[in-house]
Structure formats: C-alpha cells, structure tokens
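Given next, in structure tokens, is a single chain: the form predicted on its own.
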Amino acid sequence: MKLSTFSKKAIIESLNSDGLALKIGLFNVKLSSPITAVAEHLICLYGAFDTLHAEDFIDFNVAIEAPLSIRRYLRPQVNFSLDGFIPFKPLPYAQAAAFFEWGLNWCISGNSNQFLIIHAAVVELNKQAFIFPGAPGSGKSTLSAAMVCRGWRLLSDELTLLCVADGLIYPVPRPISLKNQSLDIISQFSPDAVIGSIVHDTLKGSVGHMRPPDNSVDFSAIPAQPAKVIFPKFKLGANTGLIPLSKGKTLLKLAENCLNYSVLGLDGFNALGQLCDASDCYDFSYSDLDEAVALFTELAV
C-alpha cells in the first residue's frame, strides 16, 4: 500500500513503535522516530512510496532520535543511527528530517558495492539516461529538478548507481535536495512543485526537498540505459553552452566523482570505461533553465 493511504495518526504511531518500512528504489528502509517533523516530511514527500510488510527483509534499519542526555533539554539535538550505530555527531533538532535524507545517502553509498556509485544526478527521457556529475554548487540538483518538472523520469538527484554487471543505471528516486537560491529558482520555474519544510542555518545553508514525481517512484524498479554524461556548471548570466568532451577526459572527471571507485578496483575502471563508450560526453554551462531543459529534450529525441 502507498504511504498516502495511511492517516497521519497511523504514520506517527508506526514511527514511534516498530518503525515505518518503505520501499525506496532497490532498498527496503525502516525508519523509527518520535519527532513530528520527520513524520510530516514523509507525509509531504513520500506519499507515492510503497510500505512494506513485517516479514519483508530490511536493508537499512535507521532511527532519528534525540540524544539521551540532559543536553537535549538545554540544546535540542538529534542523532541518526543505523542498527543502533551512530556514525555522525548530533545535529540541531530542526534538521531532523533533512538528517534522514543525508543519513540515507550515507547508508546507500557505503553498502552498495554491486554498483559503481557516482556523485551525480540522473534523469531519463525516451529510454535515454542523462547523467549530471558534479560537486556541490554545480547546479546538478537544480537542473534535474527542472527536468523532472518538465516530464523527465527521476532516477536520482544525488547518487547514480551504475551496475558493474550489466552497465545499467538502477533508480533510487527520492526527494530532490535544493539549497539556497535553488529553492526560489525551482519554485518560480514550476509553481506546482511540492517542496517540504525549509531548514535554515545548516552547513549547506538553507535546505529544502522537492517531492519526486509519482511516476518516477512507480517505475523505480526499471533500470535505465546511459546515453549522455554531462558535467553542468551553473553561473549567473552564463549563456547556454554544450561543449563535447573526449572519452578520456570524461573518464578522469567521472573517477573524481565516484564514491567507491578505489574499492571496486578493476571492476570500477571497466564500468567507467563502458559508461564512457556508451555515452556522448559534454561540459555544460547554463543560467537559463528553460533553455537547458529544451536543449536536453531535443538531444533525447
């Protein structure tokens, strides 16, 4: 059953008792949390996701809870834990929902070595997956958010999972993380976009998450064929420019954006090589989202 079929009361009760289990792409995730903001985050952004049964295997059993110390009354904070293990320092209480998203990124990237994991957004149209690698601030999440608002399928805005066995990309569509000016840019670009609560004063500035399209969630079991590797760079006032990139330079730049390249060794190198061979590769600069989306939609014909 979809999470949207449950009442707010039922969701809160599940989070407070045995936990709420969701199918998120390839992964089964159970979340426990007594924090109302976490429940509201799920209700707002995860309504299209399937819930799981008690007997289903769980990949990641996580919790968002306040530390058990007197400091939680003096300076409210929250911890993220995986199977009781706390890998991070506490964050301010107001960041509880965002902490779930950041913590889940850590769970996936640290426990999925059947994939070469690229720090990249990835979207699909006409059975062609476009991969947008880049460091924070490159504009990849803003670009992918704009594209899915115009009908592209979201595979991920953060972690591209390239299977080393078959060379396909396996989706993990989740809420898209938008930061600072990107929040206003996407709200103006697509007024119908649903953005959850915005948290200020994080290490990344102001952060909010955009709900993934229902059809992206519904088709999250279907892998995609890579077609384009594009390194975006948003710069205010920049002209829309797409510059071909050699396969060799693409491989080197991709390796810099891989999270487990050294762990996979030769398998990682071969997977990257096959990805570059299968894809057209570019550097891309932009400031106008309408022009960017129109360009890529034309490329996907």
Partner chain sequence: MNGSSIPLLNAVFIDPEIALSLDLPQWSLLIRQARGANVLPRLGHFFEAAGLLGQIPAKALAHIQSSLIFARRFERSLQWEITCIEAALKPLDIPLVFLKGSAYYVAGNIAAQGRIFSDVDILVPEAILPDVEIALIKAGWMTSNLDAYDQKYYRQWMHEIPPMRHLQRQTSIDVHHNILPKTYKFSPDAKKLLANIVNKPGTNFWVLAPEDRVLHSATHLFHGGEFEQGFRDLSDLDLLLKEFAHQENFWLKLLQRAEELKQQMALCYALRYTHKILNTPIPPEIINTANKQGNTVFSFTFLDPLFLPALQPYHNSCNSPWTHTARFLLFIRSHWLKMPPNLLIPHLLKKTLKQFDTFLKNQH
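Positions refer to the first chain, counted from 1. All of these numbers come straight from a predicted model, not from anything done at the bench.
Heads up, the form predicted in complex with its partner chain isn't pictured, but that's what we're talking about next.
Asn111, Ser187, Asn126, Gln225 - the one with a heavy atom within 4.5 Å of its partner chain in the predicted bound form: Of Asn111, Ser187, Asn126, Gln225, the residue with a heavy atom within 4.5 Å of its partner chain in the predicted bound form is Asn111.
Contacting member of Asp59, Asp50, Glu40, Glu65, with respect to its partner chain in the predicted bound form [4.5 Å, heavy atom]: Comparing distances to its partner chain in the predicted bound form, the residue within 4.5 Å is Asp59.
Triple contact flag Ile243, Ala278 and Glu298 to its partner chain in the predicted bound form, non-hydrogen atom at 4.5 angstroms: Answer is no for this spot.
Heavy atom of Gly265 within 4.5 Å of its partner chain in the predicted bound form: Contact with its partner chain, yes.
Contact of Phe234 with its partner chain in the predicted bound form (heavy atom, 4.5 Å): Residue-level check for Phe234: no, no contact with its partner chain.
4.5 angstroms heavy atom contact with its partner chain in the predicted bound form for Asp83: Answer yes; at least one heavy atom of Asp83 falls within 4.5 Å of its partner chain in the predicted bound form.
Proximity of Ser32 to its partner chain in the predicted bound form, heavy atoms at 4.5 Å: Because no heavy atom of Ser32 falls inside 4.5 Å of its partner chain in the predicted bound form, the answer is no.
Contact stretch among 170-178, 126-134, 112-120, 151-159 - heavy atom within 4.5 Å of its partner chain in the predicted bound form: Selected stretch: 112-120.
Contacts with its partner chain in the predicted bound form, stretch 15-39 (heavy atom within 4.5 Å): Heavy-atom contacts within 4.5 Å come from Leu26, Phe27, Asn28.
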